[in-house]
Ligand SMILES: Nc1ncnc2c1ncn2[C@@H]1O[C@H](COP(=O)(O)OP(=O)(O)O)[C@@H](O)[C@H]1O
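One chain follows as structure tokens, the form predicted alone.
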């Protein structure tokens, strides 16, 4: 496991009308590692994601993104586009793609945004060699070259999940947050996603934070598992330690080992 930190969350709180959806959360994400965030529905996982990615502003606390050879950057409360620019990418449980566009056009749109060329109206994208080389590299990295010319709306659910991962990679993040990446997939498609994420982690060095209800995926993929319950972190550790933790069994799995 990587020893350096890429993200530090300190005393994070988010209140909605006096209800603490996130309650004094402290966590550290290792650089270049795969971490899973699990917990029952309503545990606060999605709210925590929204706080990290800027979709919500915290009531209190701090979120610090580490940068290579630079002091950590306080990203608390920054708007989503600023956080993306800082190096955090996110996918959603409901696939966020342009369904009528081809796979290549979807990835190209994300790359154009990352390069700041969305207002460069006079340059034909087909003639932009650096842009198109970057797009083709991402398509190959995710293994969707054979789908490049197909409209996304004609793809299977599993294939659309691959496209969404490609869109996130086009933003060149250092930390990727994935929300239920295998939701609704067959066991075969879920296994493909697990294998792909391992490969991307090794090839790109990106750190991953993944929420997932499929425990087989979680225990096969994550190096560290963080467990939330009622807005708080109740456990964090390696998979085997989490599997046997009585607090986790009681809160999430619904049983306590005898």
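Numbering follows the first chain given and starts at 1. Here the structure is a predicted model, which means the values were calculated and not measured.
Absent from the display: the form predicted in complex with this ligand. The rest refers to it.
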Checking 54, 32, 44, 58 against this ligand in the model of the complex, the residue with a non-hydrogen atom inside 4.5 angstroms turns out to be 44
According to a 4.5 angstroms non-hydrogen atom cut-off, is residue 21 in contact with this ligand in the model of the complex? yes
Option from 193-201, 215-223, 58-66, 33-41 whose residues, in the model of the complex, bring a heavy atom within 4.5 Å of this ligand: 33-41
